[in-house]
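As a starting point, one isolated chain is supplied in structure tokens, in the form predicted alone.
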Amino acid sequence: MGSSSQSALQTKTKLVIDILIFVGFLLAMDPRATGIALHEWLTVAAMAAVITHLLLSWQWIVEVTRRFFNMKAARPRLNYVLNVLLFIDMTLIMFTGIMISQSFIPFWGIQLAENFSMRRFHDMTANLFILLLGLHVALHWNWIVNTAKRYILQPFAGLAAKKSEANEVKA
């Protein structure tokens, strides 16, 4: 497989994973709407998707880490710091979520005591995540729009055009 087709496949994969993470996040953000069990299992699945996202971005992570203090442009540094903050916050959300788990941890036969301060910290880190995620999306907005156009909208437009042509030929 050529480098450009491999890059396109990686970009498509990352786009699909990002969409799944975002949809899962929207569903999991309100445990009263989904129920605690679905909230907990969705967030565990989201963590697996985020790890996949990080692995697909690993080359970028290594490169920016290596060049962090030598970069002239502020945007890549800001993006890197924001990503580190997102990772730390997500780790805290997952840790506190496990500590207050009512479904996922008991499923494995482990019972933890109710901890109000841990629940409060979980809520605070989840709220901070919304802010950090908003900034992350804003920084990547052009990539999101361009990638969605290229890999979602254009293929559907092409299919619609072919269908329209086929209907004209029949008529």
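All residue numbers are counted from 1 along the displayed sequence. Since we're looking at a predicted model, the values are computed, not measured.
What comes next is about the form predicted in complex with a small molecule, which does not appear here.
Colleague: Is there a non-hydrogen atom of Met29 within 4.5 angstroms of a non-hydrogen atom of the small molecule in the predicted complex?
Modeller: It does: once the small molecule is placed as it appears in the predicted complex, Met29 has a heavy atom within 4.5 Å of it.
Colleague: Is there any non-hydrogen atom of His140 lying within 4.5 Å of the small molecule in the predicted complex?
Modeller: No, His140 stays farther than 4.5 Å from the small molecule in the predicted complex.
Colleague: Taking heavy atoms only, is Ser101 within 4.5 angstroms of the small molecule in the predicted complex?
Modeller: Flag for Ser101 set to yes.
Colleague: Is there any non-hydrogen atom of Met94 lying within 4.5 Å of the small molecule in the predicted complex?
Modeller: It does: once the small molecule is placed as it appears in the predicted complex, Met94 has a heavy atom within 4.5 Å of it.
Colleague: Select, from the options 141-149, 62-70, 48-56, 121-129, the stretch whose residues sit within 4.5 angstroms of the small molecule in the predicted complex by heavy atom distance.
Modeller: After filtering at 4.5 Å, what remains is 121-129.
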